[in-house]
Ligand SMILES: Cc1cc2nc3c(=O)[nH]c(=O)nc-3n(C[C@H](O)[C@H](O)[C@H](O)COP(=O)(O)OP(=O)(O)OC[C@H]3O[C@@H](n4cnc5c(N)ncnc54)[C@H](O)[C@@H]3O)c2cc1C
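For reference, the chain that follows is the form predicted on its own, supplied as C-alpha cells.
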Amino acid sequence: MSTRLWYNVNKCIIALTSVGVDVARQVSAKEISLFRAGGVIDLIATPHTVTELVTTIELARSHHLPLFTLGGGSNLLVKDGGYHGVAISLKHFNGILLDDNHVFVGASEKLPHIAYFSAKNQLSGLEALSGIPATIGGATIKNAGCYGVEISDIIEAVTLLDLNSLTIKRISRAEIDYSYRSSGDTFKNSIVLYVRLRLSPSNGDLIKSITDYRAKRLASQPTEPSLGSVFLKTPEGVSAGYYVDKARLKGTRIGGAQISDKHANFIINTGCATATDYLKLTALMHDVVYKKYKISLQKEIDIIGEDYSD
C-alpha cells in the first residue's frame, strides 16, 4: 500500500469512528471468504443504519478510497495482494418480518435461515434454495438458483440505496433484468438493503423437504472450503462441470487448491491454498476446456483486490 493510501485509510477510520460506524482494519480474507484464503482487506465498515451507510460512502469517497459491498463471502475471492479500500458489511441490515404470505428480509440474512423461517410458518418457495450459503442480498443480485428454482421466481420487490443519488428506492420484480445467474445492470450502481419475497401457503412437511434437498446437495457437492460453482453453465445450458470432468481434470491440484473429485465445477481448499492457486486453477480449467471443446467458460465468482506484483 502506498504511503498516500495508508494515510487516507487511517483518516477515514478516524472519521468513521467519530460518527459511530463500527470499523475493523487489516482483516484477512480467510475470515470472510468461504474459500478461506486470500489477502488482507484494509478496512471493513459496518454501519448500523441507512444514515450511517450513506455517511460511510460519503467519507470513503471524500478520502478517495474504492468501495465494495460484502455479502456472506460464499462467492468472493480476494486476491493475495489484498483489497486497498473500504469494504462495507451489511451485517446489521438483517431480520425477517412475516406479512401474510410474504417475508420482508434484511440483505444480510442467509438463504438457509430464511428457508427454515418460512417453512416453520408453512410458507413454501425456498426449500430448493435452502442449501445455498448466500445472503439474500447477494442471491438477489446473482439470481441464485438450484434444482430448477431461482430466487427471481419469488422476489416481489427490492429496497436499495442508489449510489448516484444516495437515496432509497424500491423497485418491483418487473423492473429487474433477470436472466440465468444475472440481474443485468439493475443493481450496478446500488446496494441491496431489503428484499420482499412472495411465498405460497402449504400444508406439506416443508422442513422434511429442506432436509431432503440439503442431503441431495451434500451427496453431490464437496464439504471442504470452496466458493461453489466456479463457472456458469454454457449458453446451451450445459454444466461447466460436465466439460471439466470430460477433460479429465478432476483431482487436478495447484498448490493447495484442487478441483474436487466429487464435483468438477468446484475448487476446494485442501488446507493451504492461496487466492493465486485458485486463479491459476481456474485458468487451467478454462484453457483446457477451450482447447478441447472450443467452449469459453465464464466465471461465476466475484474477484477483488490486487496481485502481489500490482
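For every residue, the number given is its place in the sequence shown, counted from 1. All of these numbers come straight from a predicted model, not from anything done at the bench.
If you look for the form predicted in complex with this ligand, you will not find it shown, but the lines that follow are about it.
Shown alone, this chain has one stretch from 73-81, 208-216, 118-126, 164-172 that lies within 4.5 Å of this ligand in the predicted complex by heavy atoms: 73-81.
A heavy atom within 4.5 Å of this ligand in the predicted complex is found for one listed residue only; from Val40, Leu34, Ala247, Leu65, this is Leu34.
Checking Ala144, Leu197, Ala240, Ile114 for any heavy atom within 4.5 Å of this ligand in the predicted complex turns up a single hit: Ala144. Asp302 belongs to the set of residues with a heavy atom inside 4.5 Å of this ligand in the predicted complex. This ligand in the predicted complex is not approached by His92, whose heavy atoms all lie more than 4.5 angstroms from it.
This ligand is not drawn, but in the predicted complex it has no heavy atom within 4.5 Å of Gly85.
A residue is said to contact a partner when one of its heavy atoms sits within 4.5 Å of a partner heavy atom; Lys233 fails this definition for this ligand in the predicted complex, lying far away.
Contacts between stretch 204-231 and this ligand, counted in the predicted complex as any heavy atom lying within 4.5 Å, involve Arg217, Gln221, Ser226, Leu227, Gly228, listed in sequence order.
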